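Shown below, as structure tokens, is a lone chain in the form predicted on its own; questions about how it binds or moves come after it.
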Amino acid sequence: MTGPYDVRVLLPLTIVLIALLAVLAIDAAYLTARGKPVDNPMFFLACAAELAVIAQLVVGIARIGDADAHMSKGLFVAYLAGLVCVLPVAGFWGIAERESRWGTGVLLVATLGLLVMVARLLQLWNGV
């Protein structure tokens, strides 16, 4: 039995993911405003967020049969796969831009994009 969003597995995982991404976005915004490069705490926070994204991918694919009948399963999997790619690319770019403030700016934009993608995953799961 599943509800509009599977509250047993997907909802807690999504809440953790949103919380990690929100904290990462706040940290990135702060460091960008201060003109600071990517630091170790931000790197570790991004790694934790990436682990949550990978968990979302695995659980999302495993539970895809429980989704709303009107959900586009291909689009859902595409969003899940896209989520996994964003942080590593932004992280490498941010580290490459250590000499400027824009390394953390890249991570800020990527994190905000990920938050939007997670919101869209919720919509897709519910068949919207």
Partner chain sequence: MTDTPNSSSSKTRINSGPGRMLVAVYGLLGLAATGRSILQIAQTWPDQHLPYWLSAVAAVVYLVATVALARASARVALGTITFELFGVLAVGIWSYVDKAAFVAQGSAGDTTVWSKFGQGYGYVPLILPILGLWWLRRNESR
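All figures in this text were calculated on a predicted structure; none of them were measured in a lab. Residue numbers count along the first chain shown, from 1.
There is another form of this protein, the form predicted together with the partner chain, and it is not shown here; the text below is about that form.
Each of Ala78, Trp93 and Val106 comes within 4.5 Å of the partner chain in the predicted bound form, counting any heavy atom. Val86 is the sole member of Met42, Leu31, Val86, Ala52 with a non-hydrogen atom within 4.5 Å of the partner chain in the predicted bound form. Using a 4.5 Å cutoff between non-hydrogen atoms, Gly65 does not count as a contact of the partner chain in the predicted bound form. Taking the partner from elsewhere, Glu97 is found to have a heavy atom lying within 4.5 Å of the partner chain in the predicted bound form. Contact between Gly35 and the partner chain in the predicted bound form is not found at the 4.5 Å heavy atom cutoff.
Put simply, Pro12 is far from the partner chain in the predicted bound form: not one heavy atom of it is within 4.5 Å.
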